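Next up: a single chain in structure tokens, the form predicted on its own.
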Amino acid sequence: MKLSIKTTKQKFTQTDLLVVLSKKGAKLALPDGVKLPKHAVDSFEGKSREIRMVDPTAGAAKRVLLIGIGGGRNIDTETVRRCGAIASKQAEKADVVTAAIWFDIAAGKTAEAVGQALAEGVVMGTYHLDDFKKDPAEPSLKRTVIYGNSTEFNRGARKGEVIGAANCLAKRLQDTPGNLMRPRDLVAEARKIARRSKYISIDVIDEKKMKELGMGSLLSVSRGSSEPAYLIHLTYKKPKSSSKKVCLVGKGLTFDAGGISIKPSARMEEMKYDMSGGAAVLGAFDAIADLEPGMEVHGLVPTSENLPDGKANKPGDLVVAMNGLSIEVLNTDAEGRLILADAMSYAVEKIKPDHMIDLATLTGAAVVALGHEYSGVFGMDQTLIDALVESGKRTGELVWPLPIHDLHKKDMKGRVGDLKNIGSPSTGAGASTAAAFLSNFVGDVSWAHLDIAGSAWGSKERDYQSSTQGTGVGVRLLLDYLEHLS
């Protein structure tokens, strides 16, 4: 679908479907010439996400869809985002080719954020993955125009279009079956992104180079697979950008069977989503190519499969990470922290970032603690944690702080090696002990860990995301963080 942004002062042109957003209790604002039956207008209240399809009596629209955004003094951007997705879905349902969205509501200081949210929803609402079907359904909707009533709103809408597309990219990477989204395929996707901008470069570290760097922890995870592991390193650096340097690290386990500590067969097919952190980092870089933030940004995606094989890690094996720490692998299904350990050590030694954020579908304990609507955030830098919580509120990708206590760190000490890769059953707090394990690989860098095991898939239906597909979580969160950091 092609999306265009115009102003409400421009001439309204013929369209198959006109979508009008309206506040509760406010007079309905329509383009010049468009008239609706009085009973349809009178019966529409403008309640949040209320919809009403109407046949107009005059004007340049074949049909009109009214969508309410609710009442109150302030406009809720999450509601607007959902309404944008409703508009796209209803347009597809009505089998129209062209649609126009009319937004003529006073948004004041929030106009840019509202425009961004609307465009994000419009784009994310068009997401579907039919690529692998014999006769894929061809979407009817080919073109949508958003008419905004201010420069600020339209500026936000243009940004929202970019961010919505980046979210859809992450969802496509997540939803692609594991035999078609292998480590090598993530590398290919990263190369495509790097080619989109002259300011983005890529370095792909293969297993030979990993061995030279001493990445025994990452390498140990891929031993059970015929697919080689890689560490993808994307760098965005624009001339005259600030000296601030941020590193985003995303777990890229393209399929996780658990290794020798094999998972139960029920729902194992969902383990294609174990690369959701990596998908978020690649999605963020896809948007960075267009948004061009004002600081240096690095993206690291350690990518591997975790399968059982004669060469695979065995419970009790000892591996050594890049920073020299030895790790007892007591459970081969706690592999995400093993590949992150070397990626984060690499970041500390080679990149030396001011801030580092990792995203990983790391623990079932995070799902138990927070369900599917929140990502857990851990770290030692309260300012960074607070910034991510605020970004979560602005984007609807909600984040909740969880602790790393000294007891959690102590529990991850090994008997044979320096560390062990799982905590003790008596300690519990599996999400916190996993974060405590990672804290050994960040040095003095300002760092936050996002456990997205619950939020990456399985969330409730939210108009712009499905309960049966990946959510692309992290893309909008990271981009908002970068924007406000700059």
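All figures in this text were calculated on a predicted structure; none of them were measured in a lab. All residue numbers are counted from 1 along the displayed sequence.
Here the subject shifts to the form predicted in complex with a small molecule, a form of this protein not shown in this document.
A heavy atom within 4.5 Å of the small molecule in the model of the complex is found for one listed residue only; from 152, 333, 227, 354, this is 333. Scanning 316, 324, 108, 364 against the small molecule in the model of the complex with a 4.5 Å heavy atom cut-off leaves one residue, 364. Using a 4.5 angstroms threshold between heavy atoms, residue 337 counts as touching the small molecule in the model of the complex. Taking the partner from elsewhere, residue 44 is found to have every heavy atom lying beyond 4.5 Å of the small molecule in the model of the complex.
The small molecule is not shown here, but in the model of the complex it comes within 4.5 Å of a heavy atom of residue 422.
Residue 453 belongs to the set of residues with a heavy atom inside 4.5 Å of the small molecule in the model of the complex.
The candidate site formed by 251, 263 and 457 is fully in contact with the small molecule in the model of the complex, as each residue has a non-hydrogen atom within 4.5 angstroms of it. The candidate stretches are 81-89, 267-275, 377-385, 402-410, and the one lying within 4.5 Å of the small molecule in the model of the complex by heavy atoms is 267-275.
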